[in-house]
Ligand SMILES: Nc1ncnc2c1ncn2[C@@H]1O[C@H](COP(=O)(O)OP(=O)(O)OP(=O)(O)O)[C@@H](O)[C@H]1O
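So this first bit is one chain, no partners, the form predicted alone, shown in structure tokens.
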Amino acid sequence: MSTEMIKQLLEALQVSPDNVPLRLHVAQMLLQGFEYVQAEEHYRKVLELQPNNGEAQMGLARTFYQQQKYSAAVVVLEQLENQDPGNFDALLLHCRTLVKENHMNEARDIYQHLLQLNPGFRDDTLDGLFRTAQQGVSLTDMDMEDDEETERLFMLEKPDINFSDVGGMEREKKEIELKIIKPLQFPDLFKAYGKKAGGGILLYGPPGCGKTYLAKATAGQINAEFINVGIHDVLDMWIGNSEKNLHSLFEMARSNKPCVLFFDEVDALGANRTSMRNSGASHLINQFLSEMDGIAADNENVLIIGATNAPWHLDPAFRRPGRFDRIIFVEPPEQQGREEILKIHLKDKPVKDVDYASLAKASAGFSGADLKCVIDVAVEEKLMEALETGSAMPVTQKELAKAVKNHKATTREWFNAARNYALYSNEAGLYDDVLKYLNIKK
């Protein structure tokens, strides 16, 4: 993938942002260049302009597949197949995605349909998998393995970090303190006002800005147990087991109070039900909402934190009072925060004459992940020099400044998409913080 060509095409898109063929071309180039996050944002933009664009739907599904967002890929593929039932590429990707999620029976049915559409088609990998599933492990053995896996995945931990280890994020920490920490410190006072300790917080913002790290630091700040939940920890190939897994997670949290239950990429588990054809996914969302409500159990002192890069894809029911009723925008670190992050990442590396303040100033808009990438590039350049000369030299301001200059903030693509939602789908003011960050007045 030519970086210069991509740059020129992106500049052309700034002039003509609604040029669908051009945006699709950019997305395809990014996909081929393994830039899946950026490709995803462009495909999403096309679908905002043309919701039934099949090429964009297929491209978006492929980006989800490559990022291992299999549940999200299935949702998009089902929409595409509803529009075009004979779309061979969509059916094949759907089959492979279901295999990744261990939904072997559904995958086998789609594979048989593919063979009917094209009798000469064969996929040796899929053929082998289906034969193994048919002839291999018994259902009882698989259930036992699932139980062992559940115990292994649902692990409690006591984080050894707290807010003092988080660079910047003063606004975010203050909001969490009011919602979580103060109710635990002054329970009687909060009860007098009808407030309980616990509840839900939704962290959203561009990728790489420290949402997971902040959630873990929150648990460490209040000396609470921490359960980090990924989508594959919940989803199961057998009907009803996903709901059981989710219930088990909440029960573990309730048995180990105070506890922070953290759901990464929560939009994949709680996608908007109006766009779903999969009844199983809808049942899982209903279970999720029921667990958050604590109808059959006491959720006091259980904090549920969700993190997402796309809050607009989350089912609106999750934002009702008592659920994710506090939504916090985790923005790219400010200048002081960037300086702190640079110092943290360079702490154990050989450095000399580094002007952290100037590097922080030059890296406006960079995420924490961007800053880490900058340091990696600078270190690699110095390492190559050391291999040629045979002597190790410290990383200096020169290498770091060069890396900052050559790196483009990955948050830009996210803000391009978020800006549209903040301007045109923001009736409740959920994304006002995005407009404030972008210095846009409504």
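All residue numbers are counted from 1 along the displayed sequence. Every value quoted in this text rests on a predicted model; they were computed, and no experiment measured them.
We do not show the form predicted together with the named molecule, though everything after this point is about it.
Although the partner is absent here, G230 lies well away from the named molecule in the predicted complex, with no heavy atom inside 4.5 Å.
Among heavy atoms of D165, some come within 4.5 Å of the named molecule in the predicted complex.
With a 4.5 Å cutoff on heavy atoms, P207 counts as touching the named molecule in the predicted complex. Among residues of the shown chain, A369 is one whose heavy atoms approach the named molecule to within 4.5 Å in the predicted complex. The listed set I341, I110, I328, V260 contains one residue whose heavy atoms approach the named molecule in the predicted complex to within 4.5 Å, identified as I341. Of the listed positions (Q287, N87, Q79, N309), a single one reaches within 4.5 angstroms of the named molecule by any non-hydrogen atom in the predicted complex, namely N309.
Proximity to the named molecule in the predicted complex, taken as heavy atoms within 4.5 Å, picks out 361-369 from the listed stretches 220-228, 249-257, 361-369, 69-77. Of the residues in 210-226, those that come within 4.5 Å of the named molecule in the predicted complex through at least one heavy atom are, in sequence order, G210, K211, T212, Y213.
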